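Given as structure tokens, the chain that follows is alone and in the form predicted on its own.
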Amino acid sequence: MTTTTTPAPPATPTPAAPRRPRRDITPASVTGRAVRYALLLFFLIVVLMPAYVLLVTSFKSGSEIGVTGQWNLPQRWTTASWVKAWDALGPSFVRTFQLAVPVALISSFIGAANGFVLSRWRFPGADAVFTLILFGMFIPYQAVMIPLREIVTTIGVPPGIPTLTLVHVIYGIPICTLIFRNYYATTVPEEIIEAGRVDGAGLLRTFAWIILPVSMPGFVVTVIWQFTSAWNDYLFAIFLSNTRNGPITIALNALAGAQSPDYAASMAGALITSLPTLFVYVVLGRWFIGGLMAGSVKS
């Protein structure tokens, strides 16, 4: 018995991927690119000039500043100004961490809870409540300083860091609520919440076990925002604390505002004060931008 073998069909050649059109390099495009890079370099130099003056001056001695000028490098590099600045700012540096970290965490958590309720629980008057919360963002701090000081004195909050923590948490709730409400409304799918309800999860359990684990982009934004605001605050600090119990901005003002100021120590103190916020933005900067964009477009 003879078997007939059917030949296999010829393989169909895979079409090559279409080539991207090549952009012709013209003298005009090269000139435009060179102009853009030159402008970027110019603005970079302008932005870094104050930082250069701070850094260079901080390593000079007090007698050398008036001789060499602010733009020249030190004739003799010394860290004496850094030591003097740290001795003046060290205690307040620790106190400022005790202020900024709780403020960032507490206000972010309250803002997340508010944002979840206002975005997913449509109770009567929800829009009015949200508007009233946002109204706190537009009240000038200067308008409430004296009444605020009277209130914290009346309720007996200890002066210094406890008072500033309470004030910054309260004033941080509106912006944190806005960020989380937009994030939950545009990013978190309704199906996830419905699945939790099917499994018998209530409002608090849904927030704790379903919403919080997916809220990291929002927390990155609010934590950086609140940490920076509390760390750099001077207006609340000057009204509600002093050099003995206040944050680092008060101590820096005392260091730089003496009758015979030490400019080198003042420059070193300014750099020491800015290091934590600079570190936070360098480490978490890309997540900060991503968190801001996460709540801007509805998926």
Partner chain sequence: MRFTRRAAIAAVGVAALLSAAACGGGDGGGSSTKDVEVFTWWADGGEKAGLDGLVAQFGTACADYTFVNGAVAGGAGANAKQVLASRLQQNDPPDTFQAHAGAELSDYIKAGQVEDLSAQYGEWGLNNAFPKGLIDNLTVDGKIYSVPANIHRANVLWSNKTVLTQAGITKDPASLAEFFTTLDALKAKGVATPLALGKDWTQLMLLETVLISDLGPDKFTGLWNGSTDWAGADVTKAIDDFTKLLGYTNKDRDSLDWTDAEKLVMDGKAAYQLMGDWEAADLDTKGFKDYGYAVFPGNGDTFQWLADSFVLPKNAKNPDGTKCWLKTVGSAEGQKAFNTKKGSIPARTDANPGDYPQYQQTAIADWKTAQQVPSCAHGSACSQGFQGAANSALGKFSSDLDTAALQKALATAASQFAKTN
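Residue numbers count along the first chain shown, from 1. Only a predicted model underlies this, so the values are computations on that prediction, with no experimental measurement involved.
Same protein, other form: the form predicted together with its partner chain, not shown, and the subject of what follows.
Note on the partner interface in the predicted complex: the residue among D199, E150, E191, D87 having a heavy atom within 4.5 angstroms of its partner chain is E150. For the options I211, V220, I179, I161, the residue carrying a heavy atom within 4.5 angstroms of its partner chain in the predicted complex is I161. Taking the partner from elsewhere, S61 is found to have every heavy atom lying beyond 4.5 Å of its partner chain in the predicted complex. Mapping the unseen interface onto this chain, T26 falls outside it, with no heavy atom inside 4.5 Å of its partner chain in the predicted complex. By the criterion of a heavy atom within 4.5 Å, I146 is counted among the residues contacting its partner chain in the predicted complex.
Within this chain, R76 is remote from the site of its partner chain in the predicted complex, having no heavy atom within 4.5 Å. In the predicted complex, L203, L204, R205 are the residues of 203-234 with at least one heavy atom within 4.5 Å of its partner chain, listed from first to last.
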